[in-house]
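First comes one chain, alone, set out as structure tokens in the form predicted on its own.
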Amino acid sequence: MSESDESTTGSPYAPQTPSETAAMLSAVGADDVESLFDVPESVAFDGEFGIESRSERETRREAARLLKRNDDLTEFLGRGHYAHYVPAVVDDLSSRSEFLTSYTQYQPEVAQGFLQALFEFQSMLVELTGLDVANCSMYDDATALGEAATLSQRIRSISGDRVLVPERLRDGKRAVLENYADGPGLSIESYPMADGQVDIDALAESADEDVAMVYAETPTVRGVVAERLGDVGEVADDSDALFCLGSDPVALALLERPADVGADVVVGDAASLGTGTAFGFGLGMFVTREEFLRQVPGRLVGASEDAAGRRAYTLTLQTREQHIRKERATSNICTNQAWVALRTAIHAAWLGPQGLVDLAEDCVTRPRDLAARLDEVVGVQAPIHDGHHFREFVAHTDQPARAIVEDLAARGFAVHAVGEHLIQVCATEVTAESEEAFIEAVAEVAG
């Protein structure tokens, strides 16, 4: 495009012509485009990045030097971020160019492979939960929970405006939920826990016709497997509220199906398969009943037939979405985690049904055995909660928890401090070879 053409028609990336831009600025009373933005001088770009130019070799050397500053710790961390072995096939297949460089699958004629993979991801979640409809991902578990809360306001049978959540909830998850709740005017309230479990009596006392949604988790943020989810579902049903359950696909392979305890919506983070620990790189799952199909946020992949009668996949019911319905869309989310969902689907398929169950069983026996051995250490009582645990547990330490965490870090291990004398420990197959050294380190610092 010549310069003269651009002055008349704009460019493919900035289609406004100079005259159109001037007319818009005049309409809003602005002198120039820069005056529309309030950028502090301290962070405004002045034309120079202030970064010394380097060759590729020098840049690699500098990057390696910076990376060496990271602590080399064996992580017994959990609380939403879990390390499982990711097979090489996940990287190999997901790194193919048609997956890695793919844009949103709006053109089914050129995206059948990716659409099929996303359909399989949805199908896996439907099978694991026993519910009817899964979308092809949200950003993470926190945004999925927020979308469940706003879903409750689009269902005609629900008139309440209170959302009840466990008193123990990851801070980041609650903060995102509160952001979502601000628009529709929902109030977020906590109900108490008893020995790591939902206090059913206290929950029942809190619930009434003003409740829009009851949220529970299994496993909980402390790794406890919830035992009375059916009772939680009854409390929600008695209040004409949604019952939203938080979990993850590995746990769901072993625990009772959410549909069997009355769950209306299942949310959580599915990135425990396919990505390992990314500390912020999530994959939200959202599964619900068919009666709420047209209120589901995010994208849905459906199966159909092409003109030749062959099975084909396409994005379906797009009139729910922002790019079509604008402000009347079911959600402000206008993208998803398609590539991460692809990796999760590949990992789950590689494991197979029995492999997924085996992994889930290991997530029960491994923390149980580690807790029993830590309980033998002087100055440690583990776990503090009675009942089954999944991946992680909380232990009491006679020494201050923060001191324990710092002393363990000095010995190459990372755990969470979750109270003045409480630490949280997560154990998976990835940490198996380090457990002996970890127990020895705890014995050294806990006495």
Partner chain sequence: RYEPLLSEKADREVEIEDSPLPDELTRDSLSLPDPAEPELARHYTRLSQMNYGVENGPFPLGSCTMKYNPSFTETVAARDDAAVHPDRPESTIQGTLALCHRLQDYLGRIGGMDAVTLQPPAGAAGEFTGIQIAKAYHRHNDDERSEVVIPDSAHGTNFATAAMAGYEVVELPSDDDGRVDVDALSAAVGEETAALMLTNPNTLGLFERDIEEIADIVHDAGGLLYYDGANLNALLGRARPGDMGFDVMHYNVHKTFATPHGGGGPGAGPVGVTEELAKFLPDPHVREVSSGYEHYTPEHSIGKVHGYYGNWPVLVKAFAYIARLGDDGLADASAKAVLNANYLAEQISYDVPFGPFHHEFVASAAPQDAADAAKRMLDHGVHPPTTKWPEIVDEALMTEPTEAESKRSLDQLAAAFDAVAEEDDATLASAPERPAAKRIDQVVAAREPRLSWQALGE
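Just so you know, these numbers come straight off a predicted model, no measurement behind them. Positions refer to the first chain, counted from 1. If you superpose the two forms and keep the largest set of C-alpha atoms that fall within 1.5 Å, you have the rigid core.
There is another form of this protein, the form predicted together with the partner chain, and it is not shown here; the text below is about that form.
Colleague: Between the partner chain and Ala202, Gly230 and Asp369, in the model of the complex, does every residue show a non-hydrogen atom at 4.5 Å or closer?
Modeller: No, none of the three is in contact.
Colleague: Heavy atoms within 4.5 Å of the partner chain in the model of the complex: does Thr59 have any?
Modeller: Yes, Thr59 is a contact residue.
Colleague: Taking any heavy atom pair closer than or equal to 4.5 Å as contact, tell me whether Gly262 reaches the partner chain in the model of the complex.
Modeller: No, no contact at 4.5 Å.
Colleague: Wondering, does Leu422 line up within 4.5 Å of the partner chain in the model of the complex on heavy atoms?
Modeller: Leu422: no, not in contact with the partner chain in the model of the complex.
Colleague: Whether Ala303 contacts the partner chain in the model of the complex should be assessed with a 4.5 Å heavy atom distance threshold; does it?
Modeller: Although the partner chain is absent here, Ala303 would touch it in the model of the complex, with heavy atoms inside 4.5 Å.
Colleague: What stretch, of 202 to 210, 177 to 185, 371 to 379, 231 to 239, brings heavy atoms to within 4.5 Å of the partner chain in the model of the complex?
Modeller: This holds for exactly one stretch, 177 to 185.
Colleague: Using a 4.5 Å heavy atom cut-off, which residue among Leu315, Met193, Ile155, Leu169 comes into contact with the partner chain in the model of the complex?
Modeller: Result of the distance check: Leu315.
Colleague: Taking only heavy atoms into account, state which residues of 70 to 84 are within 4.5 Å of the partner chain in the model of the complex, ordered by sequence.
Modeller: Heavy-atom contacts to the partner chain in the model of the complex: Asn70, Asp71, Leu73, Glu75, Leu77, Gly78, Arg79, Gly80, His81.
Colleague: On a core-based superposition, does Ser35 travel 2 Å or more at its Cα between the shown form and the other one?
Modeller: Yes.
Colleague: Has the Cα of Arg402 moved 2 Å or more between the shown form and the other one, judged after a core fit?
Modeller: After core superposition, the displacement of the Arg402 C-alpha between the shown form and the other one stays below 2 Å, so no.
Colleague: C-alpha of Arg61: shift of 2 angstroms or more between the shown form and the other one, rigid core aligned?
Modeller: After core superposition, the displacement of the Arg61 C-alpha between the shown form and the other one reaches the 2 Å mark, so yes.
Colleague: Which is it in the model of the complex for the CA atoms of Glu56 and Glu98, closer or farther than here, knowing they shift by 3 Å or more?
Modeller: It is closer: the C-alpha separation of Glu56 and Glu98 falls by at least 3 Å in the model of the complex.
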